[in-house]
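Below, in structure tokens: the form predicted alone, a single chain.
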Amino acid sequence: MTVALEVVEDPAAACAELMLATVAAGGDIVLTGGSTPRVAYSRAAGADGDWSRTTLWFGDDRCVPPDDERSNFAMAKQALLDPLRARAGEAGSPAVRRIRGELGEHAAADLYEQELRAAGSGRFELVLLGLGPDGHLASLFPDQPALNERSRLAVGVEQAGLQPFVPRVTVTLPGLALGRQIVFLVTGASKAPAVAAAFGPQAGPDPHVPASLLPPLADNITVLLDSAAASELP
């Protein structure tokens, strides 16, 4: 399949628009962590929209309590969920399926696997992902065994490839590929080599660059980039 690379002035704003369009259609969204997604979540929370038909999922999280500053759920709660509930109340807010990392990576992965399978294979309208400087996506790190998983939708990751070095739970490549629309949100010059390695014209599936393994499994991938992140593309 082809990957659409879109260089935009404000990737967070473009991401927020995609989120709001998905919410308007009543689709489910898989969230990611990171500073640029946080800005996108804040902008989406401040716009008009009825989130009550949407369920929010997570592509990965750290095995820490849900109020820990390292938790992707905690970030999403502060940037998106709390503002939505303050404005719309519980009735107008999305349902949330968080990864219960405090249970430990394997127990939490088993539980999340059950929830993902119960939701059905066509549930995820929009899957948001970041891209690490090492080419990782979600908590799928270079050359780790989880990259080879094809039967499970979520697995525990005992050793993270980057800081913070705490165990993780991650949705697998087949799980991420269930999304009808998969969007990578990438900003900054530090990500430019990874963008080129994962999505450039010479890129191909490479376990050293985990994000390069997703396109052969997925139907629709868009990479939203600022000019700095796109600087090593032709």
Ligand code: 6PG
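None of these values were measured; they are calculated from a predicted model. All residue numbers are counted from 1 along the displayed sequence.
The next section is about a form of this same protein that is not shown, the form predicted together with 6-phosphogluconic acid (6PG).
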Task: Stretch in contact in the predicted bound form with 6-phosphogluconic acid (6PG), which is absent here, among 80-88, 106-114, 93-101, 135-143 (heavy atoms within 4.5 Å) - done: 135-143
Open item on the list: Give me the residue from 126, 76, 131, 155 that has a heavy atom within 4.5 Å of 6-phosphogluconic acid (6PG) in the predicted bound form.
Closed with: 131
- [ ] Name the residue from 167, 174, 193, 34 that puts a heavy atom within 4.5 Å of 6-phosphogluconic acid (6PG) in the predicted bound form.
- [x] 34
TODO: Please check if residue 60 has a heavy atom lying within 4.5 Å of any heavy atom of 6-phosphogluconic acid (6PG) in the predicted bound form.
DONE: yes
Open item on the list: Only counting heavy atoms and a 4.5 Å limit, does any residue of 70-96 reach 6-phosphogluconic acid (6PG) in the predicted bound form, and if so which ones?
Closed with: 72
